[in-house]
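What follows is a single chain, given as C-alpha cells, in the form predicted alone.
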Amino acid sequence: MKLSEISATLREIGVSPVKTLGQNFLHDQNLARWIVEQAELTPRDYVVEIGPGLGALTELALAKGARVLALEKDTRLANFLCDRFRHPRLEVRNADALDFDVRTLFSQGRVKLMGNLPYNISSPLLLKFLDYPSPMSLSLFTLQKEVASRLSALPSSRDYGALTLRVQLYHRVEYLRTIPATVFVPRPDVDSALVRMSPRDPLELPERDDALFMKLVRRGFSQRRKQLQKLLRAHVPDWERAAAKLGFDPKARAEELSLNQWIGLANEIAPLTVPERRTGQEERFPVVDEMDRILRYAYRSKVHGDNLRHRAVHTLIFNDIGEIYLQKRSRRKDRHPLLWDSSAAGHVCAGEGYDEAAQRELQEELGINVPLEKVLTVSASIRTGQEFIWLYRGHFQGNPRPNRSEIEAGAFFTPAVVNGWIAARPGDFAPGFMECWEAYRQKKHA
C-alpha cells in the first residue's frame, strides 16, 4: 500500500498505531518486494509471518505461491487481513506470537519465518522461534538496527555479545541492509535493518554441552571490561594452558573470543567422553533366526557388516501431559547419525535379556531409572536394520540428562506433532523409530 492508502485504511478500521505493539507500517512498495525476494519463496514453502499488519509482505508471499500463516495480535488488523485477502493459501491467526507453539511447525515441509518484529520484544521472539531444535529453514526479520548489528556481530566488535553467540551457535546471520525510519508510518525513532538467518550444518561446529556453553558466555559478558580469566578462572583452573591451546591471549576479554574458542573453552571444562565400549572390547550381540531364537554370538562389526538378525530395545518416555521425549542421535553413531529416534534405544548384548537391556539403555542415554511397561514387539526387517525390537513405555516428569556421547539433543513433543512431522519430513527420523511409532499408534487405536 502507498502512504495515503495506509492512512485511509487505518482510519477506516479504527486503528491508531500502538507503539508497544510495534505497529509501524511499511509504505515503500519497492522495498517490500525486495524484502520478500530475499526469502527466495517457492510454492513448496510454508511461511510464518509475525505481525503482518496490513499485509504488505503477506500479499507478495502469496503471489510467490507459498502458503502463509499470519500471526497478528491486534484483532482489528487480523479481521482486516481476513476480509482483504480471503485466500485459500492464507491462514490468519489472531494470536500473540510469544504464545505460539513453534513445535507444531515441524508438521510442515519447508518453513520460512518472516516479520517486522516489535522492537520491545524482538529478542524474546527471536529466541523462541529459533531455539534449538527449530523447524525453520530460513528466517528473515526487520529489526531495530542495534539488535540486527548484535545478531550479526563479529568478535572484537562493540556489538558482539551473549545474544550474538546464542543465535550464531545454530544459525548463520547476514546483515542485508539498513532500512531508514522514513519508509514506515508512523515513523519510528530509529532506523531498522533486515537480517537473514539460516541453520548451520550440524557438523559445522564441534560437539559441546550447550547449557555449559551459555553459562560461560553469560558469565564472561557479565562484566565486559574485565579480563575473562578473572571471571572464569574458577571454572578453568589452568587458564594459561587453555588459552594457549585455543589460541587466545590469556588477558583477553569476552568479546575477543570467537564462537569456536568459546566452544573450545566449554569442552576444556567438560570434555566429551567417548563411550567405553568404543575404546575397549567390542560388544557381542546374540545372532538370532527368523523366530528370534539365538543361534550364536558375534561382534557388533560382524552383525552390522553382514546384516545379521539381532535384538534391540526401544523405549518411549512420556511426561505427565502426554508428550514424548525424542532424542537426536549422536553424530558419532555408525547408523543413522543425527536423525531423531526413540527416547532411548540400543542393542541387546550377549548375556542379557530385553528387559535388562531396556533399563540399561535408559540409564546410559538419559540418566533416568523408571518402571517400564513392555508394549509390543516389532519383527526384524530391512526397516529395522534386521533387529527384533521390543518396545517399552515409561513416564518421567522432569528433564532427562542426555548423555552427550550418545545423544546430540533431545526434547519433548506432543504425539500430534510427531505424527505430522513424520508425514512431512520422514527423512528426519531413524527408520527403526518410525516402525516402532507406527506399531505403537496402531496398538493404541486398536
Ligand code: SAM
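Since the model is a prediction, treat every value here as computed from it, not as a measurement. So that there is no doubt, residue numbering starts at 1 and follows the sequence shown.
Missing here is the form predicted together with this ligand; even so, the following discussion is about that form.
Participant: My question is simply whether Leu21 lines the interface with this ligand in the predicted complex - judged by any non-hydrogen atom within 4.5 Å.
Facilitator: Output for Leu21 is yes: heavy atoms within 4.5 Å of this ligand.
Participant: Should Asp96 be counted as a contact of this ligand in the predicted complex, where contact means heavy atoms within 4.5 Å?
Facilitator: It does: once this ligand is placed as it appears in the predicted complex, Asp96 has a heavy atom within 4.5 Å of it.
Participant: Can you tell me whether Ile121 touches this ligand? I mean in the predicted complex, with a 4.5 angstroms heavy atom cut-off.
Facilitator: Yes, Ile121 sits close enough to this ligand in the predicted complex that at least one of its heavy atoms falls within 4.5 Å.
Participant: Heavy atom to heavy atom, is Asp74 within 4.5 Å of this ligand in the predicted complex?
Facilitator: Output for Asp74 is yes: heavy atoms within 4.5 Å of this ligand.
Participant: Using a 4.5 Å heavy atom cut-off, which stretch among 385-393, 406-414, 36-44, 49-57 contacts this ligand in the predicted complex?
Facilitator: In the other structure, the partner sits against 49-57.
Participant: Looking at Ser139, Asn116, Gln144, Ser152, which is the one with a non-hydrogen atom within 4.5 Å of this ligand in the predicted complex?
Facilitator: It is Asn116.
Participant: By the heavy atom within 4.5 Å rule, which residue out of Ala380, Ala61, Val418, Leu26 makes contact with this ligand in the predicted complex?
Facilitator: Looking at the other structure, the residue within range turns out to be Leu26.
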